[in-house]
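Just one chain follows, in the form predicted on its own, and it is written as C-alpha cells.
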C-alpha cells in the first residue's frame, strides 16, 4: 500500500518511466529494510535548504549481531518534504516502522521535522543549521518526543564533512525528565557527482553504542530539475554495547 501511494506521488512530480523505476527500487529497498525491529536513526543531516524543492525519502537500517536479542532488528521511514523558503524545510514522516527479531514489522509512529538553514553557504567557517522535530508515538506506554540540535556542514573542494548534535526529550504522560544526546559525523570525497565514498560515525551514549564504517553516496540526474540521491553503507560496532554490524540504505527523489 505504501509503495502504491509512493508511486502516485512520483507520477505527479515526474515522468511515468522514472516513477516506475523509482517505485521498483523503493519496493525492493522496503523488503530489505523490513528485516529489522529496533527503532533508530542512522543519518547525518545537511543544514542546506533549497527553496521550492520537493523530496520523497525512504531510509532504513538492519542489525547483524551475535546476540539473538539484536540480530535482525531494524526499521525504516518514509517521508515527504517541501522547502517553502530558502531557510525552512518542513518534512512529514508518513510512517516510522520497526521490527524486533522474530516479530512482524509494525508502525511505531509519525514525525513532523523542520530543518532551518541559519546562514548562507560560505558565510562562516562551517555552514550552520538547526533541526527541530516532534515525534508522535503510537505504541502503548511510549511517550511522544521532541528532538532538536545544531547541524553543521563544511565543504572543502571535493571533501564534504557534516556534524550533527541532536538531543531528544520525551513529552507528555510518562515522559522521562532526561535529555538523550546522539551525534553523527560524516566525511566523503566526491570523485564525481555520482560517486562519493566516505565514512560515517554514530555516537549514542544513551544506548552505549559507538559505530563507524564506510559509505558510498551520489546523485543520479533524472528529468529536468529532478534527481535521485542515494547512500548506503555499513557501520561496525566499536564497543561491546553496539551491534556488530548495522546496514544502512537511503534513497531520495528531489524535484521542483
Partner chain sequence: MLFRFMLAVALPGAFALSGFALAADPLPVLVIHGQQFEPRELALLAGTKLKLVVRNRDALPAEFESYDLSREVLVPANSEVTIYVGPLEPGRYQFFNDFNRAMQGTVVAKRN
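Numbering follows the first chain given and starts at 1. The structure presented is a predicted model; accordingly, all values stated were derived computationally and were not measured.
Beyond what is shown, the protein has a form predicted in complex with its partner chain; the following relates to that form.
- Think of it this way: in the model of the complex, its partner chain has a heavy atom of just one of 227, 57, 207, 65 within 4.5 Å, and the residue is 227.
- Although the partner is absent here, residue 155 lies within 4.5 Å of its partner chain in the model of the complex, judged by heavy atoms.
- Contact check for residue 103: every heavy atom lies farther than 4.5 Å from its partner chain in the model of the complex.
- Its partner chain is not shown here, but in the model of the complex it comes within 4.5 Å of a heavy atom of residue 122.
- Residues with any non-hydrogen atom within 4.5 angstroms of its partner chain in the model of the complex fall in just one of 45 to 53, 197 to 205, 66 to 74, 210 to 218: 45 to 53.
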